[in-house]
Each structure stands twice: as structure tokens, then as C-alpha cells.
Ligand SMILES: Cc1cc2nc3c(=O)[nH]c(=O)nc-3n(C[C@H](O)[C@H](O)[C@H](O)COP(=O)(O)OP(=O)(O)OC[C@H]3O[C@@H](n4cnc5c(N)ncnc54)[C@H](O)[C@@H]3O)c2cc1C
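Quick setup: one chain, the form predicted on its own, written in C-alpha cells, and binding and motion questions come after.
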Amino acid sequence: MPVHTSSFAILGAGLMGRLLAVELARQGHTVEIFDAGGPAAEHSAATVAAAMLAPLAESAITEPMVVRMGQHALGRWPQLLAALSQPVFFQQQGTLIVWHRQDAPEAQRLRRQLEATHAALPDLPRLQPLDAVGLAQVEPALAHRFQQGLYLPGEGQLDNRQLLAALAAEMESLQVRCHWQTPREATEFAPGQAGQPDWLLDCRGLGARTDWAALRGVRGEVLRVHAPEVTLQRPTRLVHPRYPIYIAPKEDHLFVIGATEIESDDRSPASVRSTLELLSAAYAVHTGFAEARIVEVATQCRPTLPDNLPAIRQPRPRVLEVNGLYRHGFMISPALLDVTMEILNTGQSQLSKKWDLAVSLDATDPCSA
């Protein structure tokens, strides 16, 4: 493992690739990164995301390991953002869950699920049931709109596009050689040989399917709207039996609205039906969305492994693949960053064992012993 200055080639300049490039360059390594897109990360799933950091809320659909990694990230993101030269919107004012009266049974099922998560992971902040008065105090914009809710303290969010831009600027400042509009295959590199980088890190997401056949795409559709009449202070989730919507407020009354999760590699524009469902659900949360302006309707496919969990593997000496971030990319990427750096620096990772993260290293590589 590199205990001295080494050279790295990184494939994929999405969220994971940029985080690794910045960290390695800060440690004094020589880094170059290759991506099919440009600095705006237009081909990355990270561009089309709400960037919510909500481990307890997400526990309704994911494994405890992801929840634990998300809990780790809540402490790491402020550190990572503080080291960037450009500001990135970050907020840690919790998550609010609300529901209409007819969906109360579904809300009670969700509450039991979240309480079971807390019993298994007691370090998580405990959810707080809210009546109409408590809900109005936590989120005044929803006063008199809902009679009950759940408040999950400590959860957060950030602005994904500000972060991607700040990481691109940081790479330039750290003299990372960025090869934009330059897709490359892992087979084009022979790390460790003369004229080649010492290490190859593959963070291409779905772009790595030629090497990681188990990857599949899960389609997501997201709206961005500007709603000056809406003043939600924190990510809000609406319980619904068919499409559990989330609304994530960013700066200057910009809101990211999403819910859809479709088993498909299709990246065509969003359907009329799903767009109407998202908009009508947002209006049901707050009527101020009626006068909002639709800034963008975006679709993207998330890189997903069969178990919907992330993994790190070493298919050959001096090559690491980091993939499968699925719909939890921003919530778990700091944990994957820390695990990857542990592997590169020591040949193993205690953190991965703590979280039961799938890490498969090449035992024949003398640098991974």
C-alpha cells in the first residue's frame, strides 16, 4: 500500500471519484481523473439527487449497515465541507414525516419500523411523535395542514450541485489532471508497470458494467421548482402507499421533489404521469407549490448491485472498484471514502468490518496484505 507518494488514475468523476481525487491529492499523491462528461458531472447520478442525509428515515427501505454508514457521514460531512474553498449549503435540522388521515395505517407501520431501527441502533437520535401543535412549532409552514407527524432530529442534507462544483474547483486547485469528455476502460491501464499509474480506482457507477456485470440501473425522476411562497425549513416526507414523496428545500426557495424508483435503465424524459404525481403530492403538502415555477425535470439511473448495497472489490492487483451506491450516494459516500483510504494506506479496513461493508481484496497482491 502507498506509504509514500504514489500516482493514481481514477475512472469516473462523479461524487465518489471527486471525493477520492481531492483526498489523495491533499495527501501529496499525483492524481488524474477521467470522465465521459464535463466538470458539471452531467452524466453522474449525483447530479440528479436530493442529497438528503437521513439514516433513520432511510432505514425503512435499507439495511442496518447503510444506516450506520449514514450516521458516520453526518459527522464527516461538516469536516469535508469545511476543507473546501467554495461554500456548500449544508443543513442539519432533521427530517419531518407527515401524512394525510387516510394514510394513518401506513404511517403507523412506518413508525414501528423506525422504532425498531432505533432499538437496534440506539446511538441514533430517537424519533419524536408530533401532534398538530407540535408539528406547527417544528414546521410553521405546515401549521393547520396536518394533524400528526414524526420528527427525526439530527438528520441533514446538502446541495449536491454546489458540492460537485466545489469538488471540481478543489481538484483544479490541487493540480489534479482532469480529462473531461474522455471515457476510459479499466482494461486500458496496467497499474504498477512502467509508464502506468501505481493505482487505478474505478468509480464509474453504471459506466463500469463492462467490468462488473452485476450492476443494474434503477431509474429516478426528480423535479426542481422555485417556490417563493413555500418556507419549509427541512426535508419533508409524505407517507403514501404508492409513492412516498420527499421535498428537500435548498437555498433561495429552491426545492427538490422526488419519489419515483423504477427498475429500468431507461434515461428518457420523465413521464407525464410521474410528473403529475410528484407535483400533486407536493401541492398536497403545501398549496404554495401551485405558484411554483418548474426549473427542471430530470431523470438518471443509479448504479445498483443485486442486494442494493455498496461494495468495494479488487479484481486484480492495484485496482480498486468502488460501486453500488444506489440511492444513498450522498448519505454513505464519506464512509466509502474513509474505507477506501484505509485500504490504500494499510491494506485493510477496520471500518468496513464495523459496518459489514462488502470488501473483496486480491489476496495475491503483495500491496493488499
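Everything numeric here is computed off the predicted structure, so don't read it as measured data. Quick note: we count residues from 1 along the sequence shown, nothing fancier.
Another form exists, predicted in complex with the named molecule; not displayed. Remarks below refer to it.
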Report whether the minimum heavy atom distance between L20 and the named molecule in the predicted complex is within 4.5 Å. no
Find out whether any non-hydrogen atom of E185 is located within 4.5 angstroms of the named molecule in the predicted complex, and reply yes or no. yes
For G70, is any heavy atom within 4.5 Å of the named molecule in the predicted complex, or not? no
Just checking whether A36 would be counted as a contact of the named molecule in the predicted complex - the rule being heavy atoms within 4.5 angstroms. yes
Have a look at L320, L325, V339, A57 for me and say which one sits with a heavy atom within 4.5 Å of the named molecule in the predicted complex. L325
Which one, L344, M52, A335, V31, lies within 4.5 Å of the named molecule in the predicted complex by heavy atoms? M52
The chain here is shown without the named molecule. Which stretch in 202-210, 99-107, 147-155, 169-177 comes within 4.5 angstroms of it in the predicted complex, by heavy atom distance? 202-210
Check for me whether the named molecule, as it appears in the predicted complex, comes within 4.5 angstroms of all of A13, Q300 and F330 - heavy atoms only. yes
Hey, which residues along 223-257 are within 4.5 angstroms of the named molecule in the predicted complex, non-hydrogen atoms only? Y246
